[in-house]
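First, one chain by itself: the form predicted on its own, in structure tokens.
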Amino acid sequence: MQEMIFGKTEQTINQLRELYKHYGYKKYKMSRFETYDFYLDNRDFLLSEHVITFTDTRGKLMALKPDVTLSIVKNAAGEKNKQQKYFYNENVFRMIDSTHEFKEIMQVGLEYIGHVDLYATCEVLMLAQKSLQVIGLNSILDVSHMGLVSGILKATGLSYASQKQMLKYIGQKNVHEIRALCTAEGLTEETDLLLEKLATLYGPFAKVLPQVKKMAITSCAKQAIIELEQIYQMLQIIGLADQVNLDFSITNDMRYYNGIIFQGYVQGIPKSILSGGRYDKLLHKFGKNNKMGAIGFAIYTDLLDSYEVSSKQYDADIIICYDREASIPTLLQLVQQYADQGLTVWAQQGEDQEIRAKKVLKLTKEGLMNIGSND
């Protein structure tokens, strides 16, 4: 049973890799280790500052990789203003908040580095949505814009520390704490209501965007609105607008992210399986060409195992039960035939099976017969 689920996960990963290859992305292979100082200097970019460390034979403190994007920016992003497109299939090591234990997490993702224009942004968003569709039919992509959020926060006059705190509350949709911080900082009721609305707005582009336009009170925020409008127009053209929502409670560190950020969800998985955004500021932090930009996303493919268990009504499409007198060449041909059709097929001797299937077939020396389904 576990082998079957693992096989399905691997099949999904291979489909994602082929998808990215079709759009010109090349495979990036990173080292398993980096120096601990590298992650220490960039710990704010990581989801967790906890990393697994060890001392190598030279006495140098090393760390098991907790992130792929940092490695790509450090090692693969060139100095010249040249377009670079990478995809990866890597394992990272992170502490899980719920258990406080380290776990090896499988990720598939891509990075677009270079001149990030409207096309590049839309290509990455399109591939994010196509990736979700590979995983499950019922999916949604939620989009935010750090330029808009940070622009509105800066206009409040809050200190950087208070902006960071407010960003946290917006991400939590915590209206009570937003109001309390506004009161403590002496902000106007109008500003309080603006921030509360920013945190709670959610829905289709066509419905939410007109409301957001009224909130663009700075030139930075207005520029973000223009970009969102352009993206919406492109999504309409390629038929993806109905599968993308606006959600400004999606936030990230203002020191690294400066544009579109997004999360993807698939029905049957209780949390986001895809996360990404534009991170020009991280690129510039590494001394890369300040005319270059970067945008990408990661898919947490370790979540696919639980999805396969919960979302599938059946463990297999077809079970072929065969007796001792059945023709083995015929059985092999049948299994191959169904597998070539993209079906999951399970062959076993006898009718005693614990797995569920849409269709149960029986192969005897007389031939093949349909004996129903197994629930």
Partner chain sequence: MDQMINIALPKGRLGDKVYAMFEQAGYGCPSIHENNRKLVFEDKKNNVRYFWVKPSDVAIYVEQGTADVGVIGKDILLEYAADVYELLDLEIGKCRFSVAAKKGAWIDPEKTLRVATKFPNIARTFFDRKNREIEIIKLNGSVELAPILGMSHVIVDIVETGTTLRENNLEVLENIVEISARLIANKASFKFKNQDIERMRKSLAALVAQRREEANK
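Quick caveat, the model's predicted, so the values are computed rather than measured. Positions refer to the first chain, counted from 1.
Keep in mind that the form predicted in complex with its partner chain is not shown, yet the notes after this line are about it.
- Shown alone here, residue 164 lies farther than 4.5 Å from its partner chain in the model of the complex, counting heavy atoms only.
- For the chain shown alone, residue 103 is not a contact residue for its partner chain in the model of the complex, no non-hydrogen atom being within 4.5 angstroms.
- Shown alone here, residue 93 lies farther than 4.5 Å from its partner chain in the model of the complex, counting heavy atoms only.
- Put simply, residue 257 is far from its partner chain in the model of the complex: not one heavy atom of it is within 4.5 Å.
- Contact annotation: of the candidates 223, 71, 174, 107, the single residue with a non-hydrogen atom within 4.5 angstroms of its partner chain in the model of the complex is 174.
- Here is the short version: of 192, 280, 123, 142, the single residue with a heavy atom within 4.5 Å of its partner chain in the model of the complex is 142.
- Looking at 176 to 184, 84 to 92, 113 to 121, 230 to 238, the stretch with residues near its partner chain in the model of the complex, meaning non-hydrogen atoms within 4.5 angstroms, turns out to be 176 to 184.
- Contact residues in stretch 265 to 279 (any heavy atom within 4.5 Å of its partner chain, taken in the model of the complex) are 265, 266, 267, 269, 270, 271.
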